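Look below for two forms of one protein chain, each set out as structure tokens: first structure 1, then structure 2.
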Structure 1
Amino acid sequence: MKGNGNHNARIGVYVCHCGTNIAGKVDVNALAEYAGKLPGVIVSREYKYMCSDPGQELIVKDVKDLKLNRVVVASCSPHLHELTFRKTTANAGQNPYLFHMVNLREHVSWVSEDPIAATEKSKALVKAAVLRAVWHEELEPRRFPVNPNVLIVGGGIAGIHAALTLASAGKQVYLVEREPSIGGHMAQFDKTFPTLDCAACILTPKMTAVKQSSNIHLYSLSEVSEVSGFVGNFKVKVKKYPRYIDEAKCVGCGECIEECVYKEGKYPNEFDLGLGKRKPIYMSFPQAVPSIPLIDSATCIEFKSHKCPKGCVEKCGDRNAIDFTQKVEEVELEVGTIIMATGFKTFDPRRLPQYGYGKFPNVYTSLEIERLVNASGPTLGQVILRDGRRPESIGILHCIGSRDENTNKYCSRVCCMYSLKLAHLLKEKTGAHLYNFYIDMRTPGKGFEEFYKRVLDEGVSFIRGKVAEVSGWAQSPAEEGKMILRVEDTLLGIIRRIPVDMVVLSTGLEPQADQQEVRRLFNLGCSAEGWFLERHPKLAPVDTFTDGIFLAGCNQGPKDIPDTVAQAGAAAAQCMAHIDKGFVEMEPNTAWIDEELCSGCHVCIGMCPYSAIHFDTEKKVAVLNEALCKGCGSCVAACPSGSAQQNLFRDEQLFAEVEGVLV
């Protein structure tokens, strides 16, 4: 096996204490002493924080004074500081890829009990790195231009805000929303806490701005079906489902809806959570964007029997916008960066049968109440129970599907606040007596505590306790015809029975049902609860582990509208940072095939997931397109003749490393 290992390597080894993170388990002095005796090691030191300025200066000074040509730092995960130390060695005038890092913190000290074993393991890892470093070569990062267009997936308030921010900076945005209209959950609300701003009044202008912006290309009723490429150069396929109305021809007059053979709405309107009815041709809500109706092929008579008189088509007349033959279309987009703004779904309370949702007609979810109290909702803001009565007493149950060992352990963060909002709105609209049942009140936001105080002053009763069940079993005449809430009032220390006419379940927030599929499509990570994983919980909250893909809004975890908007702005800024920089630098970890040695056996060609290799019939060898190579190493492992090699993972480097760990 030939290679160009530098046998005149002059190596410096730096063992980091990481405060007590590493030094608390690993004997850093013994380790540094051991490293000092390894072949080629000129200097070895230990230091409290290698990543600090003095730590880095130590390296720079040694490289210069001692003419080091290899540096090994044994500290934390390369995820955290590989870049830092590469820059340090570059500052010292060295090619940064001659540097190598050992992860003593995540791989040793944090996961070891026994200090002696931890020190031994550290020695093995340091020896592996020293032997490997000898084989490191000078490399140059690869540079690629960044496509200035941005894809935003999801058109809730997060997606809308990010799109408008980018568009106002002159960037082209593709906004993909799977529902017939953008707006997300916020479009369903009447008012928003804590200011009681009318949701439509603040959202609709933004939705209209999306429609009017020439920089935003909106794909509604659409989903992303394929993603390939990498930061700066993503290729995306979007599936556009048929609306059966030609968006280019429709003027949004809505007259077709009037002329449908169904004179009244007959089918549950999804946007109203089934509380209102719609026709087969409909608009989900009046302010929908795009303001173009759609036809539901499952309920439209023309689709079922081809025998509908088609009042809609007749009314549309010369505009001729209705097209029953529309098919799923596929659009291909090229973008440089992507923002995921896919939001959340609410917890399904059927999973907790003790609350009687689906059994008692007058048990509602919070989202249903948002529609009921909404002036443009199915009842035009009238709070009328499913049995036609008006409620005189209402119980709002917090934490449904949140802070619960049996469902979701986390706090959904917005439910206390929206429960206060709903209590206020229901009281205002019905004059009923309101009870809020809470475990703890969580109001840590600007103006939140004040809002709580205000609702308290309005005379809403707050009972600290988790309702055990909603039952219809009356035990006294006062309970007759009511739903009875059994609850332990933990402030009074007694079990209480509270009869009410209406129950509101403050359901928590959950990841979307297809979160895992979407995660795989975009190559993202998920937390244990299923939310998309940010790169760092504190310092990189909108970045993901896939470069060029950012998070905004509730798909990363429950949050309210102000936080969502702030995050959306941050994600837009991250995209702009890439766009304005204009290029991305990529790890030079690509594979290459030695044409002089390749036998053209074809083995590697089928291995490459990125189609980067093809057979050159002239030269009779396999040829690799480096621009397409992502450095996965599949061809290298498969190549039977060792002709395919990978930078940073050369056979010699790996063998040396293995030899090192087998101390």
Structure 2
Amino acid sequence: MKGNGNHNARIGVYVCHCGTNIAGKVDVNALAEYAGKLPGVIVSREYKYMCSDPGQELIVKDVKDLKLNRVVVASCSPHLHELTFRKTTANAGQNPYLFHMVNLREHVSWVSEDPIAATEKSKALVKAAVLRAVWHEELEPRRFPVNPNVLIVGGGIAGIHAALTLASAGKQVYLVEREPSIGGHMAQFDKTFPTLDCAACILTPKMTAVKQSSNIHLYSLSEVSEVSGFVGNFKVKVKKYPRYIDEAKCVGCGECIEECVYKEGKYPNEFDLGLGKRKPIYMSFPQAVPSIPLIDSATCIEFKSHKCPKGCVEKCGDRNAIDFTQKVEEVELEVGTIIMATGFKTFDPRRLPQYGYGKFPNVYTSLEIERLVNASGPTLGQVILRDGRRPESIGILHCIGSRDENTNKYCSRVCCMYSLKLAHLLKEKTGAHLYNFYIDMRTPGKGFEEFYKRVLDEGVSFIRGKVAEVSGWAQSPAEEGKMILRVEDTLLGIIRRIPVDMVVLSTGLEPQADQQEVRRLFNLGCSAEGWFLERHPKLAPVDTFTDGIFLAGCNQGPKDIPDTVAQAGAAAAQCMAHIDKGFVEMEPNTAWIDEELCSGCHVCIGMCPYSAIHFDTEKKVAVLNEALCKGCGSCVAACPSGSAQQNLFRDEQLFAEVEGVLV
């Protein structure tokens, strides 16, 4: 499969001003004039906005009138507009892969200071493109059918909303959640800002709807262990951990919990962040879905000594739902699209020991306060300190693990607002004097500023300054038995010492601890901070660079509940677009292997990150599966025999491009 090139090429070159983005540094008139003199160029034009309708119509007219068979557009990033101009040339009756694009904006004008040098560099790049275009070949995108089933990884509010959206459209959804119940962090909240709606009142109906939907197949206590395939045809293995209770037989009566040999809770309840206790057999919280208990094999006497009287088994009776012999199961699923809704974790304030978390018993994280003020929490909504007192003064410290050069430089977006919410709730429940220590108050959402004003009017004190440390060093009788907050009040310009009974650390949001492992499993990109990387921050905020996998919620970056729900809906819409179309078109820039040249060295097999190449033991050559190939070019670059080649990146095309730049 050697390309011969089209030496009768009739090429049209179009140079874009891009307003002043390009024309401010590059002499576009001189560039268009230069391009018109290059071999094979029939017409060369400059236009202010080539991506506009008039600019595209100009190309279509020239292709038809001048019988052009190649088009080169010199404008901005191909990442933004290559598809635009390919569609334009296709509308003119030309194969879209005979088009080539030159990036004058990001590669020249935006990185150049000298207009003369910028123009000369632009000439070299345009010449390279013209010489390369001669060797372009007609290619056709590949079509593959789309499996209509959808996998959603993560059962927080993002995963729940996406699942319900898809299920209501008649799609089959597999919802995988590694916790015993869906609900995520929102299930732990008491109220939501700025309206102070009950979080459970909003969330529970949606959780119940998941349980009742015949189109949603819920796998709780489960994790994805393997992913293979490609957009439209993913094969996924899910590891389902034992609950030791048969979900098909259990009716969720909870009598087994009452009959446990432990009459009171003994072990820290993970859902309450250790503030409450649970038994070895328990439900995470009253509204849990599935509403089925879980037996913790690490604390259950039956697993440790086999000497438990097993009152839970007797109470279950004929239902026989308790099964101590359950093992880890592996389920294989076939889906066409995947939504990642794996959520976030909160910053661990132990990394900042100056704030006393873990040292002083009455220093709490914001999420722990959510459980304390919750009516179904460990204290039934009563705010009682670990030493049994009711607080009379409380300090809320903003930006713990956010906007900090030593931890996370980014703003976590929700901390200011949930700090205001907690200030209101703590004031309401305790009557204590509240202090909010903030760097900047950020209230940009709908109703946020009004809520801030409401909390101000309630008598909460706001001190602009970051607390330097939390200590127990009393300097006066009034400070005895209290924690001392030392802070610079930047509005007054003084250092203050403020004694309080309780400290609340408003911890920021971070990527999940296993985000990197999950990234590799699903072949996703991550930002420098560790969040999953979207295809484009503005134009494709839910897409990823792996076709068919979409993002929803805080695994892509910190956001509040409304933004999370909106993104989940957008991800669901993207899945439906694939499903309803029925097929996906994939770029033809795949690799291929010339079996006559292949030496069977296996180098390409190890290099392929998509497992698209296998070894044919009969022919003794490498064989490539085009459906799995993503066109990364790793095998082409590594092949010692030159048998691996790639469409759109043929040797002849690359050599011609290099010649254009250098000669």
Partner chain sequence: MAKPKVAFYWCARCGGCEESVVDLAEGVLKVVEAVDIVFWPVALDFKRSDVEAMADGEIAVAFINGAIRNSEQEAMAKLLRKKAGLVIAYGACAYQGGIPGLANLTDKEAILQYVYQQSPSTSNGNGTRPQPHLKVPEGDLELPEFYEAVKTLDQVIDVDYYLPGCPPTAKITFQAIEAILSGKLPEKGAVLAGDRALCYECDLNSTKPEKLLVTDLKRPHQVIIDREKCLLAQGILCLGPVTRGGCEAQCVKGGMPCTGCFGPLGRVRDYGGKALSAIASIVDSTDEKVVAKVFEALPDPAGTFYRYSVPASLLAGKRKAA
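Between two forms, the rigid core is the largest collection of C-alphas that superpose within 1.5 Å. Just so it is clear, the structure is predicted and the values come from calculations on it, not from any experiment. Here, a residue number simply tells you its place in the sequence of structure 1, counted from 1.
Here the form predicted on its own appears as structure 2, and structure 1 shows the other form of the same chain. When each C-alpha is placed with whichever rigid part superposes it better, Asp318 ends up alongside Lys211 in the two-part motion between structure 1 and structure 2. Two rigid parts make up the chain, and between structure 1 and structure 2 the smaller of them rotates against the larger by 10 degrees on C-alpha superposition. Once the two forms are overlaid on the core, Thr84 shows a Cα shift of 3.1 Å between structure 1 and structure 2.
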